[in-house]
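Single chain ahead, by itself, as structure tokens, in the form predicted on its own.
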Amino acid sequence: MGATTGGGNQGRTLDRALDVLECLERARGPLRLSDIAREADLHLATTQRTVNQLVRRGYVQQGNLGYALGPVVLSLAHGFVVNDRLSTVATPVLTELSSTTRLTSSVFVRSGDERILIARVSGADPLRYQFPIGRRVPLNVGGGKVLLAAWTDEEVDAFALRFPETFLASGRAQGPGDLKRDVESVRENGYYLAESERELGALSLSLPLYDAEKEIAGAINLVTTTDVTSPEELMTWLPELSRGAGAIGARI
């Protein structure tokens, strides 16, 4: 009984530490201890103990404005980039794709109800905004819908209930019915063209990435802006994007 209890306590301790790290990762700046406790739904004393341990290990650092992720997290990210097969294989393919199209290309993977950018090569025409490696984005906007399309209808329905209404960057409200229609469009056409969904003026063309077993491994896209490229012009690069997706899929 004691061993079981100890294992449960260790599991809860790990969960709390991960909750704190995820809270700081999603923040746009340093957080006070009370902010972390509220966001992570932890007691203040528990938060203090957890943060102190993470500070000692270098995962969190304390400054004048509060707590933020520490330098050890950056080394973990580097380890992922070096060892992850998909990001390693994708980079040279994205380099060639961006050289040919002059557009920014990227690969992202699913993490729960979100997608995470794991590889990107900038095009000749720089974007107005920077979308850094590791950034999380909900699946219900932009290219995330190609990942949703691989889910079952029941899973998509459950997801839609968790996100009953989303206001896109264009100001348009996207309800469950709109989301399901976009997912069905991906299933029918094999791609998704998004305009002003995540960022105003952003234009992206996304395709799913499949591994050798035909399991979805992520998604690849071309990203530009409407003041540089029209939707019709972006669609002319669909064959090139498809070849890139195939080249990556054949190697993972």
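On a predicted model such as this, the values are computed, not experimentally measured, just so you know. Residues carry their position along the shown sequence, with the first being 1.
Keep in mind the form predicted in complex with another copy of the chain is missing from the figure; the text below concerns it.
Proximity of Ala150, Val183 and Ala247 to another copy of the chain in the model of the complex is absent: no residue of the three has a non-hydrogen atom within 4.5 angstroms. From the list 220-228, 37-45, 63-71, 191-199, the contact stretch for another copy of the chain in the model of the complex under a 4.5 Å heavy atom rule is 63-71. In the model of the complex, another copy of the chain sits within 4.5 Å of a heavy atom belonging to Tyr59. Another copy of the chain is not shown here, and in the model of the complex it never comes within 4.5 Å of any heavy atom of Phe167.
Another copy of the chain is not shown here, but in the model of the complex it comes within 4.5 Å of a heavy atom of Asp84.
The closest non-hydrogen atom of His78 lies within 4.5 Å of another copy of the chain in the model of the complex.
Of the residues in 20-59, those that come within 4.5 Å of another copy of the chain in the model of the complex through at least one heavy atom are, in sequence order, Leu21, Glu22, Leu24, Glu25, Ala27, Arg28, Gly29, Thr50, Gln53, Leu54, Arg57, Tyr59.
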